[in-house]
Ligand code: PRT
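In structure tokens, one chain follows: the form predicted on its own.
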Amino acid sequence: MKNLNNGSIKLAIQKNGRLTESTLGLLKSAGLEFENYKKQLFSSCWNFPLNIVYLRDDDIPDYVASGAVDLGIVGENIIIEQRNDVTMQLKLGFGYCSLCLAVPKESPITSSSELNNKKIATSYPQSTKRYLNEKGIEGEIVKINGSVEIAPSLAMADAVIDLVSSGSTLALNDLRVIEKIFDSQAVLIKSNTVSKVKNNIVKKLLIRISGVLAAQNYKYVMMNAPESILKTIQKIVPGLKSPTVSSLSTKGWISIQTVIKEDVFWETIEKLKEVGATGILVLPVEKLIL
């Protein structure tokens, strides 16, 4: 077996699960070149000092906390549940879900205050215990490792606390959500034992990943406009600092290049059209280094 203690940093990711494909896509978008086979335990990057280790998602925080690996990509829900001694570096913008309290549709329970002396099934006993303590509820936690949503049907529990993404699994099992406990997404975590030398490599990797994440929030826009409305356009789309402006062969006209945030994109385009911008060309941003 190849020696992974070769000076490269080690990143643990989920071997097979809901975060796997998005994680691999993010790493490849960051320019990392590697082969990933379903049955192998690790991959080595050809163009960056990084070894990728494939683990069960529940094990990733432990490996990172112990220093066995330097970084990990895992669901925030697991970090909240286990409370490992790790440092969160980035929220990655995929793997969204929520830990929710749900009950059978026909249940008379309508709020968490009615859970006293009730049984609550969950795969997140620590998060559930903290939640019940915060609410001052005396309930019995029934720990289940999988298929939590079926517990009420088998008379094992009166309610469940489980991860919800689309809500389809709860609906299929005739459950309804009565309270959201916390939201979660994929996060990048770092060991607190990373050496100074390896930390320099980590910083380089963070620049790459941050560039990919930042680009997802922007569109690159090019447009033509009369030079007389430049100041008006600058107020509408200041870009990161200011738009790039160049003269056109047509007298009195300019070309403007800038970036627009995704969340205000259409409103901004409408304003540009109203003030006289034309020939607006919109392109995706592949990387954005802030």
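Residue positions are given as counts along the sequence shown, with the first one as 1. None of the values given here were measured: they were computed from a predicted structure.
The protein also exists as the form predicted together with this ligand; that form is not presented, and the subsequent description refers to it.
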| said: I'd like to check something about residue 150: if you look in the predicted complex, is any of its heavy atoms closer than or equal to 4.5 Å to a heavy atom of this ligand? | reply: no
| said: Quick check on residue 117: any heavy atom within 4.5 Å of this ligand in the predicted complex? | reply: no
| query | Counting only non-hydrogen atoms and a 4.5 angstroms cut-off, does residue 273 reach this ligand in the predicted complex? | reply | no
| query | Should residue 124 be classed as touching this ligand in the predicted complex when contacts are defined as heavy atoms within 4.5 Å? | reply | yes
| message | By the heavy atom within 4.5 Å rule, which residue out of 22, 16, 278, 268 makes contact with this ligand in the predicted complex? | response | 16
| message | Quick check on this chain: which one of 227, 262, 33, 58 has a heavy atom within 4.5 Å of this ligand in the predicted complex? | response | 58
| said: For the interface check, one of 106-114, 205-213, 133-141, 74-82 should have non-hydrogen atoms within 4.5 Å of this ligand in the predicted complex; which one? | reply: 74-82
| Which of the residues spanning 138-173 lie within 4.5 Å of this ligand in the predicted complex, based on heavy atoms? | 149, 162, 163, 164, 165, 166, 167, 168, 169
